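Next up: just one chain, as structure tokens, the form predicted on its own.
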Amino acid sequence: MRVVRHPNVPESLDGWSILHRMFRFRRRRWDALDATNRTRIAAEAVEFLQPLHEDPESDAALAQLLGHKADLMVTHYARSFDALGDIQVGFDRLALSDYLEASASYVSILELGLYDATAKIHANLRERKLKPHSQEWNDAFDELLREAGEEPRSAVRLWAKIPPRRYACFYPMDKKRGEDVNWYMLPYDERAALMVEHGKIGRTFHSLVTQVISGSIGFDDWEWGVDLYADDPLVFKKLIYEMRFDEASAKYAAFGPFYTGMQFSIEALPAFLDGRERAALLQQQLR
């Protein structure tokens, strides 16, 4: 998609369309069902979700949430918003929906920010003395951006499946834009430097946590969604606390509600619904 590129605006590479849905589970109503109906309804849900998880064009993941805000988080990946819409309708048609009450949702697109690459692209075009926003300038910009997106590491991250780690944490966030503190009024170079320092903290936790950033400006009430996945939930506390001391967060970030819990395999959904054994992230599901 061709757009007018402003030199103060960082580009991004975009991947999966993402839908988070949080539900309260009416467990007492579920427990009142006879065993035959519970088995049938659970099997129907697994039959719907498992192909989405296995399909290279989509993904689906489940997490048992802790606290009063919700009991179950369903995360869907798809190649487009249209495909997400089909998935949403299909899920809502499941008999299981009669026992779920929606409490929150979040719409976003997986995003890789390109502060450093954007600055280099604009510098490259200036050196070539191309007229800004001319056809030649736009074509050159598109080519340089495409090259950034074709780097193997970028391509893998844009279309990676949902990380199969036991613990999940999701929260939305903004950059502040008030009268006194406004991220968007900072010079580009200053914002880029702050994001470099911010990223260094995340990289120190690289082996302990998998982070998925999704952009939601124009899609939902916050500007970004953040998913964290780890094998030890204490990692979330330590990572986020350390980042609070970083200037990009301490001064310029605002955070929405946090949702935290345990991921479990789609085939373990009956165990979650039954509630009499722990719904585990089964080893054979690890990719």
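As the structure is a computational prediction, the values presented were derived from the model and not from experiment. Throughout, we count residues from 1 along the sequence that is shown.
Note that the form predicted in complex with a small molecule isn't included here; everything after this is about it.
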{"item": "Residue contact check: L62 to the small molecule in the model of the complex, 4.5 Å heavy atom", "value": "no"}
{"item": "Close approach of Y259 to the small molecule in the model of the complex, 4.5 Å, heavy atom", "value": "no"}
{"item": "4.5 angstroms heavy atom contact with the small molecule in the model of the complex for F255", "value": "yes"}
{"item": "The small molecule contact in the model of the complex: M195, any heavy atom under 4.5 Å", "value": "yes"}
{"item": "Site check Y115, R157 and V226: each within 4.5 Å of the small molecule in the model of the complex by heavy atom", "value": "yes"}
{"item": "Options 98-106, 80-88, 122-130, 204-212; stretch whose heavy atom lies within 4.5 Å of the small molecule in the model of the complex", "value": "204-212"}
{"item": "Candidate from M173, L186, L94, L145 lying within 4.5 Å of the small molecule in the model of the complex - any heavy atom", "value": "M173"}
{"item": "Among the candidates L239, I41, A70, A230, the residue which, in the model of the complex, approaches the small molecule to within 4.5 Å (heavy atoms)", "value": "L239"}
